[in-house]
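Just the one chain here, the form predicted on its own, laid out as structure tokens.
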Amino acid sequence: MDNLLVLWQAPTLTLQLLIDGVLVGAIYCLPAYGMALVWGVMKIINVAQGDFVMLGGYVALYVSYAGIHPMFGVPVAAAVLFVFGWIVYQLVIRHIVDRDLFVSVLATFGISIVLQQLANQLFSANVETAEANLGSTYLFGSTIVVGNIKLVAVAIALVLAVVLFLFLKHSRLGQAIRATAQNPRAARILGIETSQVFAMTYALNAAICGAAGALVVQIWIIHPYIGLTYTIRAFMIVVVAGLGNIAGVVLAGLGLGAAEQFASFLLGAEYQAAFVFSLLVVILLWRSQMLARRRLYLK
């Protein structure tokens, strides 16, 4: 209650938390884009989503170790993770397409564990960060401080959302992805190589996560076991927004970021993870009731 009173008495602090939350939520949107794409097209829940974010962070980190600004690690991480995602699809994912959803969860959970252990062996378990050194922007007489790297991250997230929307709507591959998502069997009859579409979809998802990881390592931290937090957040956003709804993903991501910031301030940073998991349970229960009502209405 004391912290709530502080927010009431200090509107600039409330605005600071809101701005930080929106900026944080923009980063959450990126892996959620990819998860919605893979889930909608391939009917696979990719539990390794956050681990792709983690790998993208390490790519950008090693770009900075080479003496290059880590911001250039964003396209490099996207390219490296695109190739990596295509390889993972060929080795594992193509064998579970059209299988039961539970099989995909188990398979991608196994991929997640393997990636975590490999990252631990290759990079160690140390917490890492890459300094962007972009400074800060001060608003309202320096009462509100915004890291410029967060502003850049928001811009990149919005650009990627627009590019993804235009790609899916106007490119031949994007149209093939949409056709395959609607009806894979009909797409095959029309001559679309759905196996190639699936491979490109999964690789594109990994590339988006790689770009997100390159931003995460400049704003916060990475370590081999950080992937689960981004997987859970991406899953929550997709469940709220629905499949194929990029605008909904953006709004849900921004809302989640803001809710986390306020919860962290009101409850304490040590309860932030508990808040996220509790919110996930609430969202799943809400979605379950919505689906039950829809089935009852259809009867």
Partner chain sequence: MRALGFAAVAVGAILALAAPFLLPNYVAQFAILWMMVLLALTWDLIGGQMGYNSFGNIVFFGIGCYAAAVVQRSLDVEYFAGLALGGIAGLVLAVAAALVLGSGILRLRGQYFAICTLGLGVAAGELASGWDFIGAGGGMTAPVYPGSPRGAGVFFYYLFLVLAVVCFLTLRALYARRFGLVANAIRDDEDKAEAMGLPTTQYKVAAWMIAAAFLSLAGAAYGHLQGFIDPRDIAFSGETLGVWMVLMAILGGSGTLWGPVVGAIVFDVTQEVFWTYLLGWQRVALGVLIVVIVVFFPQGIIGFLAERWPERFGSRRVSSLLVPDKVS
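Numbering follows the first chain given and starts at 1. Keep in mind that this is a model prediction, so the values were computed, not measured.
Keep in mind that the form predicted together with its partner chain is missing from the display, and what follows is about it.
Checklist entry - in the predicted bound form, which of the stretches 232 to 240, 62 to 70, 248 to 256, 26 to 34 has residues with heavy atoms within 4.5 Å of its partner chain? => result Stretch with heavy atoms near the partner: 232 to 240.
Item to check | Heavy atom of each of V92, L284 and R287 within 4.5 Å of its partner chain in the predicted bound form | outcome: Yes, all three are in contact.
Checklist entry - If you check V83, L134, V114, V163 against its partner chain in the predicted bound form, which one has a heavy atom within 4.5 Å? => result Here the answer is residue option V114.
Checklist entry - Here the chain is shown alone; which of L190, L158, V103, I87 has a heavy atom within 4.5 Å of its partner chain in the predicted bound form? => result When its partner chain is considered in the predicted bound form, the option within 4.5 Å is V103.
Item to check | Close approach of Y138 to its partner chain in the predicted bound form, 4.5 Å, heavy atom | outcome: Close contact is absent here: in the predicted bound form, Y138 is far from its partner chain, nothing within 4.5 Å, heavy atoms only.
Checklist entry - Would W39 sit within 4.5 Å of its partner chain in the predicted bound form, counting heavy atoms only? => result So W39 counts as contacting its partner chain.
Checklist entry - Is there a heavy atom of L280 no more than 4.5 Å from a heavy atom of its partner chain in the predicted bound form? => result It does: once its partner chain is placed as it appears in the predicted bound form, L280 has a heavy atom within 4.5 Å of it.
Checklist entry - Using 4.5 Å between non-hydrogen atoms, is R99 touching its partner chain in the predicted bound form? => result Heavy-atom contact with its partner chain at 4.5 Å: present for R99.
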